[in-house]
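Next up is one chain by itself, shown in structure tokens, the form predicted alone.
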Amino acid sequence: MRKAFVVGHPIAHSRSPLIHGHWLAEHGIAGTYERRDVAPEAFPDFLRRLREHGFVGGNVTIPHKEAAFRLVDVLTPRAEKIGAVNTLFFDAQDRLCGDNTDAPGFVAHLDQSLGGDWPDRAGGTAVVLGAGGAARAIVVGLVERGLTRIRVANRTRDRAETLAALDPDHVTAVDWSELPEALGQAGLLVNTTALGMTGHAPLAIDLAPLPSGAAVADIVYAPLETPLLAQARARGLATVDGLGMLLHQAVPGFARWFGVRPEVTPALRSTIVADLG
């Protein structure tokens, strides 16, 4: 019986148990995946006792991703670059390792939604809105996928500059006031902010400057169609909602813990959509 988990504070809202439970049943695996609500002050002790509690690994969510980054024994190169960990596993030497699967998860969702040739159709260019942890992961993922010109816009310019420093050859910071010009040269627009999420203000930007062949992605998945995506659809632009990133980022962890690489299928997506209501 292999045991995995998702840890956060709070954690009751997490859909990860539903995702991994779906795959465990689909593949007939004798395993479990459970929520663990752990306060920040108790998180280091929780990590130290993972083996004692019989866990083979797990996921880390808010507010523990940066703490996990500092506390694991080994970081993957991607996690080291992003500065946060969302997936834990043990290596052959029984060392606790930290990875960040948000970057490949986001890119995998773009590939599934837009087709594998989308970077070419986007002209290798993207605009990313926001400069928080999700933006860092997405920028790293876009660079890994081969995009050569990524512009980051944030209300606070210095945070965008910090993110751009991850890869100055491919990433630059732009002022929010420069968005119209940046959008006019973008093949992909990605919103990584909470604007448009249920209970938050909508993201108030004009998509008119975007080229007709551009795609618009939003990492918000509640609601599935944000005002930004609705505006993009009205313009006839390709859209990518935020749910797929949640589903695809879960794939590498499941493969490490349970030995089977699962697929993100319409059946899984329908299960999560139904749970979202």
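Just so it is clear, the structure is predicted and the values come from calculations on it, not from any experiment. We number the residues from 1 along the sequence you see.
The form predicted together with a small molecule is left out here; the points below concern that form.
- Within 4.5 Å of some heavy atom of the small molecule in the predicted complex lies at least one heavy atom of Y221.
- Taking the partner from elsewhere, T87 is found to have every heavy atom lying beyond 4.5 Å of the small molecule in the predicted complex.
- In the predicted complex, the small molecule lies within 4.5 Å of some heavy atom of G132.
- Heavy atoms of T76 never reach within 4.5 Å of the small molecule in the predicted complex, leaving it off the interface.
- Heavy atoms within 4.5 Å of the small molecule in the predicted complex map, among the stretches 67 to 75, 87 to 95, 114 to 122, 192 to 200, onto 192 to 200 alone.
- Taking I29, L237, V56, L246 one by one, only a single residue has any non-hydrogen atom within 4.5 Å of the small molecule in the predicted complex, and it is L246.
- Within 4.5 Å of the small molecule in the predicted complex, a heavy atom is found for all three of T156, R159 and G242.
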